[in-house]
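Take a look at this one chain, the form predicted alone, written out in structure tokens.
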């Protein structure tokens, strides 16, 4: 199963499906609804996708590829210090949430709807993204910037970041950069404050 396709039409269909999955939920979104939103006949949808499950997989895959690309770029551009790398990952994750919100929300809330084949296809992307976080969190722990169990810290940080899709207003007064700085300040250990 290779779902990544450079076709601009397919990418547009994926974006429309992502929005519908967020608004209606995967289970309530019908092929007819998707086709209507896409301006095509229901049967034409199957020219691009095998079934609704493949559409869900494509939405999540697209979002995961984008998240990985943003994270890798942020780490490449960051200085080598653990604090700078942590800040870069937090900013990249928030950027992913803001630029690709629907795909990210679908991945968070509809992952459980994936069938075994789709989940097996996507798990390497999830693992690659989590490996980046593991490396950055481990570096911050080793440097004494963060305290705690590595797995718990990683889950806490990602959980806090992921929850911003529910409350953060990109049109509001707080910029993504200031939000990222605030989160990093909250989770890092300041030895002089002890």
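Being a predicted model, the structure only gives us computed values, none of them experimental. Positions refer to the first chain, counted from 1.
From this point on, the text means the form predicted together with a further copy of the same chain, which you will not see here.
When contacts are judged by a 4.5 Å heavy atom cut-off, residue 69 does not count as touching a further copy of the same chain in the predicted bound form.
Among residues of the shown chain, residue 11 is not one whose heavy atoms approach a further copy of the same chain to within 4.5 Å in the predicted bound form. The closest non-hydrogen atom of residue 122 lies beyond 4.5 Å of a further copy of the same chain in the predicted bound form. Residue 159 belongs to the set of residues with a heavy atom inside 4.5 Å of a further copy of the same chain in the predicted bound form. Relative to a further copy of the same chain in the predicted bound form, residues 23, 153 and 183 are all within 4.5 Å by at least one heavy atom. Applying a 4.5 Å heavy atom cutoff to a further copy of the same chain in the predicted bound form picks out 160, 162, 163, 164, 166, 167, 174, 179, 182, 183 from 160-184, in order along the sequence.
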